[in-house]
Every structure is written in structure tokens, then in C-alpha cells.
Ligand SMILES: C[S@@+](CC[C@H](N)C(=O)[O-])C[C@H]1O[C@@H](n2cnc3c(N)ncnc32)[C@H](O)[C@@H]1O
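Before any questions on how it binds or moves, here is one chain, the form predicted on its own, in C-alpha cells.
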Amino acid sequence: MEQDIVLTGYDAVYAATPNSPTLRRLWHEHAEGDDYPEQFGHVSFVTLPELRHIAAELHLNPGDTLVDLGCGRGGPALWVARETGARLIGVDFSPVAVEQASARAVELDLAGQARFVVGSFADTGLVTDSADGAMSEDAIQYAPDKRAAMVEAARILRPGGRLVFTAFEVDADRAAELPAFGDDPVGDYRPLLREAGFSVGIYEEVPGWPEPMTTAYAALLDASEALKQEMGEAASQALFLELSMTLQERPYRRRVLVTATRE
């Protein structure tokens, strides 16, 4: 039931995002950074230097298969696919996000290289040992079952394939009343990765936190009237609820960048 509420909120926000220049402008300014290519815009906190780091750590060759877990509207993974020549499969539980990501691939002339499907972290629907790399940007903390998410990532990766992601470590006490994190908020992803059959490489805090999140969220809340007009009531209320609860409850311990290799 709680996940149905979360999905409804995400669908509403994704559907309204293309109609909100205010959201796009503020997110680009406070979260992405001025040097981030706007045609690959997103709603994570990945910057262009981070995206370059992710692409390098994936160790992809042209024609390899890359999976983006929790792909949203697909921007960062489409950038990585373009830069590396990899074939991209984006997976997200929001049908609206999948539809928009597919349309973006066409707009960016990457439709022959990328496809997007509806699926979850725990059930991608992809073939075992079919991916050379997997990535995720600030999304794994929302998986309802993080252990199952890591097991699924290991299942779809070939031996030696790499999982590279950014995510928030979550304080279980502070997240207790927040449904978006499921029943298992995770403060350290390394034990789950090792249990799933990964060897962990890089596990490091992203510097400068939480300033990008707090400034972006505060700027969006300050622009609430413009966002309501552009996004509509349902989407704006879902967005404001997440922003205000995050700033109030402070559920995140830190944001980390992680590389792991399937053994």
C-alpha cells in the first residue's frame, strides 16, 4: 500500500516535470551544476564530474550492455551510453518515467542504442548474466528491499561486471515514519553488497554534503507558487511533501559513491 502511494507520487511528478521550467531551472542551478548538459537533465544530485567518474568506473566498451537501475527519465544513463558506446537498458517502476525516457532517447538520437522497461530493483525482468555494467543515481535508498536489490543486480551482471552507484545512507531512527525508504533503511551498503556476491571497491562519501540537497530543496519550496501553477496540485503536493519531510526529519546520514564487482 505504501509503495502504491510512492509510485503515484513519482508518476505525478514525472508527468509534470516537462511542464515546469521553474523546476528545471532551480534543479540545474542547485543540484546538477552549470556545466551539466541540460539535454541529459535529471532529478538526482549527480554532477558532470561525478557522471564522468561513474562512466570511467564502469569499464565499458562499445557494444557492452549497461543497465540503469531506477533510471527515472534516463538522462545520466543516456549520457553514459553516448560517451561509452554501450547499449543501455533503463529500468524504473514508474511507467511515466519509462515513457519519458524512451522519448528522450529518440530526441537525442539514441533510440537505436537504448531501451527502457518497467521493472523494480528486486525484479528487473532481465536475463541472468546479461549485463556488463550497472549504474544507479541516488535511487537505491528507495528500494523497498535493499538486500533483494543487490541480489538482483548481481544476478543480471556477468562475472566481473561492475555496479557503480550513488546513494544516500539512511538513519533508521530518523526514517522510521517515512514510507519512501521501505522497511529496511540502510546505513551502510557494503554488507549487503558482499552478501550478494560483490567485492566492494570504492566506498566514499561525496564531498560537500548536505549543502547541494538543502539549498536545492529550500529553493524549490521558496518557489512553491510557481511550481503549483506549472506542475498542478497533485504533482506539486507530492514534491513538496518529500522536500519538506527530508529537510525536517533529516533521514540521510551521508551520500556515497560506490563501486562493486560481481565475483
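The structure presented is a predicted model; accordingly, all values stated were derived computationally and were not measured. Position 1 is the first residue in the sequence shown; the rest follow in order.
Form predicted in complex with the named molecule: not shown, discussed below.
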Non-hydrogen atom within 4.5 Å of the named molecule in the predicted complex for each of 64, 85 and 161: no
Can you say which of 119-127, 106-114, 153-161, 182-190 gets within 4.5 Å of the named molecule in the predicted complex, counting heavy atoms only? 119-127
Within 4.5 Å, heavy atoms only: does residue 100 come near the named molecule in the predicted complex? no
Consider residue 132 of the chain shown here, and say whether it contacts the named molecule in the predicted complex, taking contact as heavy atoms within 4.5 Å. no
With the cut-off set at 4.5 Å between non-hydrogen atoms, does residue 43 touch the named molecule in the predicted complex? yes
In the predicted complex, does residue 90 come within 4.5 Å of the named molecule, counting heavy atoms only? no
Could you pull out the residues of 59-78 that have any heavy atom within 4.5 Å of the named molecule in the predicted complex? 70, 71, 72, 76
